[in-house]
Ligand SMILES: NC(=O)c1ccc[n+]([C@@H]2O[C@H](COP(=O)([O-])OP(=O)(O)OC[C@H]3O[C@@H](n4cnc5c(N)ncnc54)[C@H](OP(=O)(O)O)[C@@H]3O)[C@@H](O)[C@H]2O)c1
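One chain is shown next in structure tokens, namely the form predicted on its own.
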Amino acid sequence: MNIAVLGAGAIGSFFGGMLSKKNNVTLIGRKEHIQKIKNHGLQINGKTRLKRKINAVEHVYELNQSPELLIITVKSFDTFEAITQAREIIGKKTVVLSFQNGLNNIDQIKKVIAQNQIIAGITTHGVQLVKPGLIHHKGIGLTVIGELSEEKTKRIHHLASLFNDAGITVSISDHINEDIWKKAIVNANINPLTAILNCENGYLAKNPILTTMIHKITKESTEIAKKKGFSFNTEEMIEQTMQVIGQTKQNNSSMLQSIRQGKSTEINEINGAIAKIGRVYGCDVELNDLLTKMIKTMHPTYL
């Protein structure tokens, strides 16, 4: 299959590198990373070890044909700009698969292309861009994809097989919209707390004060999700959050990596988005608001 990965940072390069074993993949990313890949190939170490010569470009207009599959892995605050730029290389038969954090990505993509071309995905693989050209796979996670209509179509089965054949275990979701919300709730705990404390994910399970905080953040976020019509159970969401922390205990969250690199975070699209929705329904948003404000004080972009 002809595949392009837009926003080939850590997770995009990991997926692209793995898929390139049996597909024609082009990575689209930042200059230094792309130049290193062009000159020396993409290297993945850690839980996965792989070195691949792979197509890599800095801009979507450098592609000479429409991809059959366009994987979107840009930061959520760049979604609309990225999909707008990509519109000219998205053909009528191109499938757009979003693997992103946050709650608003699909809505942003739908402003530019038809809903029937979009598939949503979530992943908890722990991956870090160590330096240009080098990706470290720190933790094996779960990857789920699903049609927005929540139907089990031929193309969703085909895409699942594509990932599985490449060595990335993928399952098909019956309720991908719920799964996106569940991941957002998990991220609303892990990302800001690890960024504020400058710690690996696993530390959150070792400190009883933080465990109590996770219970409270999860309860507040779950109550907001319920107002949106999702039938989430608070205790199950707490259990899921602690399970992800255990599975990714050696990972540095994407938000922590952004803070360390002096880059913008996705706090507005995670805790900020949850709080914004909560205010619409008159819910308590104190903790999500607090975490949003705390992260914003840590980055000069927000000051």
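Not measured: the values here are computed from a predicted model. In case it trips you up, residue 1 is the first one in the sequence shown, and so on.
Same protein, other form: the form predicted together with the named molecule, not shown, and the subject of what follows.
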Check your understanding: in the model of the complex, does each residue in the set Asp179, Trp181 and Ser221 place a non-hydrogen atom within 4.5 angstroms of the named molecule?
Key -> no
Review point. In terms of non-hydrogen atoms within 4.5 angstroms, which of the given stretches 74-82, 162-170, 224-232, 147-155 touches the named molecule in the model of the complex?
Key: 74-82
Check your understanding: Hey, in the model of the complex, is Lys263 touching the named molecule, heavy atoms inside 4.5 Å?
Key -> yes
**Study point:** Residue contact check: Asn201 to the named molecule in the model of the complex, 4.5 Å heavy atom
**Key:** no
Exercise for review: Consider Arg30 of the chain shown here, and say whether it contacts the named molecule in the model of the complex, taking contact as heavy atoms within 4.5 Å.
Suggested key: yes
Practice item. State yes or no: in the model of the complex, is some non-hydrogen atom of Val285 no more than 4.5 angstroms from a non-hydrogen atom of the named molecule? Key: no
Check your understanding: Which residues in 111-148 have a heavy atom within 4.5 Å of the named molecule in the model of the complex?
Key -> Thr123, His125, Gly126, Val127
